[in-house]
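In structure tokens, the next block holds one chain alone, the form predicted alone.
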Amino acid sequence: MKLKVFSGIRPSGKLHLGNYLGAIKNWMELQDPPSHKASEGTAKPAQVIFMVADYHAITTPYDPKTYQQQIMDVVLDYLAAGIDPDKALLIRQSKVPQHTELAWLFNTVTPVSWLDRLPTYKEQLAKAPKYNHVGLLDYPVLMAADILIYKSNLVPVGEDQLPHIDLTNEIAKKFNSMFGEVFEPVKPHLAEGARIMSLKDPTQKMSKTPSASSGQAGDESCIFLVDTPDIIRAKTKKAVTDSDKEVKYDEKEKPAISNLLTIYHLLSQDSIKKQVLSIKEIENQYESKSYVDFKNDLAEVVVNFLQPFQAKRKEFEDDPKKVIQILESSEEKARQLADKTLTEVKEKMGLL
């Protein structure tokens, strides 16, 4: 079986460390598995597609006047983070119309009850009660089409998206049983760092938008990939900690410091070993030090980690023609792949 990877992020705002550590970092390994992964049996994928989910993002409140800039900001972040156009396609969802056409065909085989039971719909309604429409309910069907239009079989996602992968497989299975085999099962890919929490509320995921329960989100809750060193230091300094003053990992009893330790661990680089520091090594390093010492050092770890990313991003930002060429080339190839699947689906359904 050929490995076909697909994933995407909504352009609903600036990308932050949670996006990077929970998604994009993993994508880089799937795009070009490191040697130690290859030795563990992780095959180099035959197809890798990363998407800016601009149709998904309009299901929740957005500003049409700034939307194109939001989309391009995410594209720049993707490229700066290391997505290689020679190894992966980078596309805008709206530029490949086969996504929405397959979604409509899937609508004709998907029971409404399958969508009603998903937690995402109610969560989004809680955030914006007046923003209630069919697109919000139907979001998971379009997501299934995004994945299956390329016959993808491995999707890097966060834990909160697992119900959507389950639904994708249910839709594929039902389509196959009704019209004949077209789609194979899709597997989620979860990795360490899939859930980086808010700097202000460690019970909530780091997010650009407020949670319905706490309302905590926004600039103070996230470290954005484009934040300046001074902003990073200020946000880290204000990050909440636990009442216990010991720098010790305990996700249940000490969620705040555990979240900060996770960020430190994932972004650190041992100068001798040339690999990330373990949680235990960091704990030992701060055994007799205060939270202030720890957070000051954490800020510098984040600053140092983001410096090369920000420099590379600036290079792409200064060459918009190159960025557009990358997108248009990827999207043309994606349309060709998608058209093959859509033609097969239509033939099975008696539409050709």
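Keep in mind it's a predicted model, so treat the numbers as computed, not measured. Numbering starts at 1 and follows the sequence shown.
In what follows, reference is made to the form predicted together with tryptophanyl-5'AMP, a form of this protein that is not presented.
Q: Of these, 198-206, 108-116, 249-257, 234-242, which stretch puts a heavy atom within 4.5 angstroms of tryptophanyl-5'AMP in the predicted complex?
A: Stretch with heavy atoms near the partner: 198-206.
Q: Please pick, from Y139, Y264, F183, Y150, the one residue with any non-hydrogen atom lying within 4.5 angstroms of tryptophanyl-5'AMP in the predicted complex.
A: Looking at the other structure, the residue within range turns out to be Y139.
Q: What is the one choice in D166, D84, E123, D160 with a heavy atom within 4.5 Å of tryptophanyl-5'AMP in the predicted complex?
A: Flagged contact: D160.
Q: Taking a heavy atom within 4.5 Å as contact, would all three of S7, G18 and A53 count as contacting tryptophanyl-5'AMP in the predicted complex?
A: Yes, each of S7, G18 and A53 comes within 4.5 Å of tryptophanyl-5'AMP in the predicted complex.
Q: Is V75 close enough to tryptophanyl-5'AMP in the predicted complex to count, meaning some heavy atom within 4.5 Å?
A: No, no contact at 4.5 Å.
Q: How about V155 - does it come within 4.5 Å of tryptophanyl-5'AMP in the predicted complex, if we only consider non-hydrogen atoms?
A: Yes, V155 sits close enough to tryptophanyl-5'AMP in the predicted complex that at least one of its heavy atoms falls within 4.5 Å.
Q: Using the partner position in the predicted complex, report whether A338 sits within 4.5 Å of tryptophanyl-5'AMP, counting heavy atoms only.
A: Output for A338 is no: heavy atoms all beyond 4.5 Å of tryptophanyl-5'AMP.
Q: Can any non-hydrogen atom of A23 be found within 4.5 angstroms of tryptophanyl-5'AMP in the predicted complex?
A: The answer is yes: A23 has a heavy atom within 4.5 Å of tryptophanyl-5'AMP.
Q: Check each residue of 109-146 against tryptophanyl-5'AMP in the predicted complex and list those with a heavy atom within 4.5 Å, in sequence order.
A: The stretch touches the partner through Y139, M143, D146.
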